[in-house]
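So this one's two forms of a single chain, laid out as structure tokens and tagged structure 1 and structure 2.
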Structure 1
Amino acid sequence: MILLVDDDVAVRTSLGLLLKQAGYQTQAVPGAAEALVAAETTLPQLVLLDMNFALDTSGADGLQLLAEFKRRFPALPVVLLTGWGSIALAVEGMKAGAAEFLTKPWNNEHLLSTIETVLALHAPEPATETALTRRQLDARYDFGAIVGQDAGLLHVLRQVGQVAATDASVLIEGESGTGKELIAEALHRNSPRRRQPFVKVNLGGISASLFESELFGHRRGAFTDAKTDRVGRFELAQGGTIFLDEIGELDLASQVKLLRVLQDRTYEVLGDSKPRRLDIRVVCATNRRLAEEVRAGRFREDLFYRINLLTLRLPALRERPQDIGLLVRHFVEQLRTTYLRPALQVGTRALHWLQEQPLPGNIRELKNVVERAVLVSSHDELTPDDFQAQNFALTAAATSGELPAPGTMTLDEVEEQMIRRTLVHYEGNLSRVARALGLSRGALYRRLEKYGIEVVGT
């Protein structure tokens, strides 16, 4: 049962019809008093609440009713309907506990998929579901090469399974190298869009001036440098999933443009004013805490709520040390084939040693460390020595240069100096600097910001 609250009888009728055709039972009421009575008596699964339902269009009544719903029925999801002009109101509502918001005029398909998603996310988990083991998850879903049994990871995989079939926008947060991209791919692979494209866009690598042309595409002649037509990423992803990686790096001007597209579900190719419909599932990832970026004023709150109907937080490797053994065995298995060394294995002592290493680069770093150990070792069972040998090899290589004497500099200072020198060497070309330092552009940006390094001429 879905409860509709709207003072406009035309809206109540058309929404009621739409939902009924989609197989939902509905009850429609014009105001707050009736809504609360209905919620009490018919126990709806979801409320669709028009924020401007009273004559007072400031939305204060809507917010008040929302607060009342949340107070009396905290588990009941409320989806807000607001006029286009009142995104700020929707954001207020999200802060007050609304599950999601839609803007009027609504798109029928989008409205239905939002309702389906919110219901899926709020469905009470059957008792057995909570205990879905890795084996049971694998029987139900395709998690391919995602190795691990840690409780935190399993929680993420269960959530992926729960929303994969819907069009829910998902935000994936996690430190560098924790497997965010693998999770994004898993969402796509387990969705009805799986045979359509999965398009990855690294937003950390796209400048503000090129954002629109990259994402929306352009017609020849749309601007001075547009010598030929260009197909945008949204068009490439049509029907499938777009993975917006490093969303935390997006500048504020581009954030507005992205919000508008996600809001209207339409976009325009530069130089072509015919709006195109967006039929795309959006998945975003960041190694920042986006909620903190919002608080600091670096990320738009309305966009934040638009992209994270669900947030998945990937645990860092140090939070799941028991998985290190599984991961190492998995990598060694791959390397046996790559290097034609069928008898290769890792000893228990080596595993224990690895579990004590800090590994700030998480799984990506673990994978590199294992591969380097395989390269330096000449015997089949890897020992701690093989792992340490490469550290020594690295240190030795470095000290033959001109590193400062121990005790004179911290690692942060060394890192800062190395970045400054590399910037000078490559004349501020950030792509080359990032490559030379073995960093993603996003990771380089974060360090530039951390050390307050200004890059001139780019």
Structure 2
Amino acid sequence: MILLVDDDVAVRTSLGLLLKQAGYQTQAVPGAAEALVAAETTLPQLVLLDMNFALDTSGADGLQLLAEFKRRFPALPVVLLTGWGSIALAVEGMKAGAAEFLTKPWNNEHLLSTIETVLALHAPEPATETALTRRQLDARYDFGAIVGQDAGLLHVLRQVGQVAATDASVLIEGESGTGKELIAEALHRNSPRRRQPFVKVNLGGISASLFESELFGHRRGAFTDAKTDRVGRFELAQGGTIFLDEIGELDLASQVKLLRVLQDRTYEVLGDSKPRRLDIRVVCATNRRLAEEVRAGRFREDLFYRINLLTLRLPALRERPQDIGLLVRHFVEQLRTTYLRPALQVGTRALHWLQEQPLPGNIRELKNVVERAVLVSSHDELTPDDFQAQNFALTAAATSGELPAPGTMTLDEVEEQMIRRTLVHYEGNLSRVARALGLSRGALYRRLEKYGIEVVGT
């Protein structure tokens, strides 16, 4: 049973009919006293709570009732209803324990999807359910592209399996190179949307001036350089999943535009005033701690709560050293085909040596290290010497003011080391780093992602 709390009889009637048609039983009440009596009599599965059912419209009554619900029934999910102008109030409610919030006027499909998702996330686990092993996870879900058996990784995969079938917005946090995109793809492959598009957007590589054009598209003539129509990423993802990578890099003005679209589930193509309805699942990722970005005023709190109905935190590679051997063997198996070397393998001593390395670039760096070793090694079994040789060349180049000798480093390696040294010199100020290197800020972001370089505190 779903409990509806709203002082407007028209709203109660409308919601009751909608939910009845969707197969839900409901009970509708106008205020706090009636809501608490109803919940004490028959505990509902979910409460749909209007934030204002008093004359002052401050929302204090809604927050007070929410607090009382959480005190008496801590596990009871509460979804808030509020106007767009009162989203700050809804954020207060999320802090107080609400499961999700919706704005009025609501979209029927989105409201039903939200209720289904919240109910699924709060469904009690069977008493006989135990932590699934990697073998059991692989039997239930499609995790073939993800390598590892570490307990922290398995915890993430169990969460992916639990939430994949829903439309829950998911925020994936983790250092650069930890495999956030693979987790996003796993969410999509194991969802009912698997046969629809999976669209990746690197927000760190899109300038503020092009944000709306890239994401929402534009009509010819919408602005000076709009010589042809452009299909936006949201339209490309229609019916499927959109993966917004590096969302922590988005400027505040663009955050407002994104929030409005994610909240209303509608958008407008530049140069076309006709609103278009969105039917997508949103997955975001960042190498920053967004909660800290919110406290620092660099990320909107309302957008933060909109995109993280569930947060997945990927462990760094140094936190799962026992998976390094599995990953190295996986990369070597791929490289056998790529470089036509069927006898290629990695020795035990080399594996032990790699497990002792810091690898700040995580899985991406490990993959590059293995491939470089394969390229420079003349024998089929990789040894510590094959890895130490390139490590010495990298270290020497980073600490010396001279260019490396020809043949000791690739052009990509030289570029990576120059970027790292410039970042140190300018103390992580990306605008100054980009100018010093003669790059646009977007081009710099793409190279940071390419080389797995994490910039802290920018």
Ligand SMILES: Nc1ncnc2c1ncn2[C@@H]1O[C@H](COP(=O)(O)OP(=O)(O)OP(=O)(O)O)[C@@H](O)[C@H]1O
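Bear in mind the structure is a predicted one, so any value in this text is a computation, not a measurement. Here, rigid core means the biggest group of C-alpha atoms that superpose within 1.5 Å across both forms. When a residue number appears, read it as a position in the sequence of structure 1, where counting begins at 1.
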{"item": "Selected structure - criterion: the form predicted alone", "value": "2"}
{"item": "Threshold 2 Å Cα movement between structure 1 and structure 2 for D302, core superposed", "value": "no"}
{"item": "Core-superposed C-alpha of R288 shifting 2 Å or more between structure 1 and structure 2", "value": "no"}
{"item": "Flag for L354, CA shift 2 Å or larger between structure 1 and structure 2 after aligning core", "value": "yes"}
{"item": "Value in Å for the CA shift of R441 between structure 1 and structure 2, taken after the core is superposed", "value": "7.6"}
{"item": "Per-residue C-alpha deviation between structure 1 and structure 2 [K450; rigid core superposition; Å]", "value": "18.5"}
{"item": "After superposing on the core, C-alpha shift for V369 between structure 1 and structure 2 in angstrom", "value": "2.7"}
